[in-house]
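Here we start with a single chain on its own, the form predicted on its own, put down as structure tokens.
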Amino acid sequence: MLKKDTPSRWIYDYFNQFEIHKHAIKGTIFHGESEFQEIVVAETECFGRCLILDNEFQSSEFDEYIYHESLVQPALILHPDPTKVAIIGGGEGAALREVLRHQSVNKAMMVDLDEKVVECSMKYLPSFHKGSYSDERTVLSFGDGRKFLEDCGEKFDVIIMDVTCPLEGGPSYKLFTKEFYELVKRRLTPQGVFAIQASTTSPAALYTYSVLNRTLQEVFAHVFPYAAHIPFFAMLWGFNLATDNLDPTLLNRDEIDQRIAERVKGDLSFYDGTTHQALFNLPKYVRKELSRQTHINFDNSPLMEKYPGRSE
């Protein structure tokens, strides 16, 4: 029997078939289906509004800045002068928001597969995008991110990939293969930087992260895995930064803080020189798994995670 002050409505985040994280919710703000996926915007008791796609928790109002600053800021701070940036995915508009903080950026091209996700985010997640969709530097389009890069005649200083994990039957699994990474490399300028979210670094589910890191190493001269703890996810979340000519580990704290002060508009809430050093110093168990991974992800046998979640 529930206590009088105990929430009676819960939404479930399935980590695997044996582990569930429950969030108490105040209510569902939006629930619908697009051509590609189920979309939910819910108001949680602890983390505010959150976006859920195909029952996969994407980000929350309370701490999305940790995820999005981790994904975007190291890449743009590393580049000496980022002016043109592409974002693959990023429906909430928060990755776009972080890119547009940089005063050097004069063009931010964002392509998302699902127009309905962007429409929902525009309407229901204003604290995520903070008006970034209406910025004059934004060029927004809808369609497959891979086809966008295949057809695009432009090159970019930074490419950010903010898409869902490579789930079986999901819309994103073909954006994590060696062939796709080769396409990305062709669309980067000589000092270009590529940054991706790369799934969890949990000891119970480290395979995807290690395979994506190994696959990037087949394409780029320098690959730098890093991670940040995301409270909403209740785990350490993995990212990868790939480039041919730059090294984020050579930047000291003072240099990073100076670049932030000179380039970035407004105050960052998570990322600075001290945080940068922590991000790129991974736990020993992660480093060990990365060093022994040999599998490379190809188009003809793509990695696809089997997600155990189900709608409640």
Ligand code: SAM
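Note that residue numbering begins at 1 and tracks the sequence as displayed. All figures in this text were calculated on a predicted structure; none of them were measured in a lab.
From this point on, the text means the form predicted in complex with the named molecule, which you will not see here.
For the residues 89, 82, 74, 238, the 4.5 Å heavy atom test against the named molecule in the model of the complex is passed only by 89. Taking 53, 279, 251, 260 one by one, only a single residue has any non-hydrogen atom within 4.5 Å of the named molecule in the model of the complex, and it is 53.
The chain is drawn here without the named molecule; in the model of the complex, the stretch among 188 to 196, 74 to 82, 218 to 226, 105 to 113 whose residues come within 4.5 Å of it by any heavy atom is 105 to 113.
Although the partner is absent from the chain shown here, 58, 144 and 172 each have a heavy atom within 4.5 Å of the named molecule in the model of the complex. With a 4.5 Å cutoff on heavy atoms, residue 165 counts as touching the named molecule in the model of the complex. Among heavy atoms of residue 271, none comes within 4.5 Å of the named molecule in the model of the complex. Using a 4.5 Å cutoff between non-hydrogen atoms, residue 124 does not count as a contact of the named molecule in the model of the complex.
In the model of the complex, the named molecule sits within 4.5 Å of a heavy atom belonging to residue 117.
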